[in-house]
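As a starting point, one isolated chain is supplied in structure tokens, in the form predicted on its own.
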């Protein structure tokens, strides 16, 4: 029985790793990096580079590069075992801390550079507007850029409130809205035929 349960657990872990890896590519990170993180998270225990290589069947170079990247993202940390000279790695287990770190890193890597570029583009026409404010195309152009910049500034403020390292605003907001609570997630309701209810399809 123990062997059967172990096999089922391993299969479930492998399926989670595969699903998380697929989602990672949609986020713009390498599939290997996402799979390494998924393995560390779902096993819930420190693993060394050799463990990661063996379980995922990847090269030492890929394992080391992925682990370094995860350390930079702040969702994996180094741990040491007494009497063992190997370096072990453990994933953050608090999902709220985990997703705050992911959102924060994506803001830094994607939104912040875009905002800087928009300010540079806006500066290209700033002087011309002051000299020729009657040019409707120019005024409309700057108005569109200003709207986008205002939105990105608002996103940055929300990020600071909800996903800062010390803040728990995202989780607090979700609790206030009744989106989170204790216990396991409830299964998605479905019609007797297994399809999504009409009310949910209309809401989507």
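None of the values given here were measured: they were computed from a predicted structure. Positions refer to the first chain, counted from 1.
Unshown form predicted together with the DNA; subsequent notes refer to it.
Novice: Can we say 122, 141 and 150 each have a non-hydrogen atom within 4.5 Å of the DNA in the predicted complex?
Specialist: The answer is no: none of the three residues contacts the partner (heavy atom, 4.5 Å cut-off).
Novice: Does at least one non-hydrogen atom of residue 145 fall within 4.5 angstroms of the DNA in the predicted complex?
Specialist: No.
Novice: Would residue 42 count as a contact of the DNA in the predicted complex, using a 4.5 angstroms cut-off between non-hydrogen atoms?
Specialist: Outside the cut-off, so no.
Novice: Indicate whether residue 86 is a 4.5 Å heavy atom neighbour of the DNA in the predicted complex.
Specialist: Residue 86: yes, in contact with the DNA in the predicted complex.
Novice: Please determine whether residue 59 contacts the DNA in the predicted complex, using a 4.5 Å cut-off between heavy atoms.
Specialist: Result yes; residue 59 sits at the interface with the DNA in the predicted complex.
Novice: Can you tell me which bits of 64-81 touch the DNA in the predicted complex, meaning any heavy atom within 4.5 Å?
Specialist: Contacting residues: 64, 65, 68, 78.
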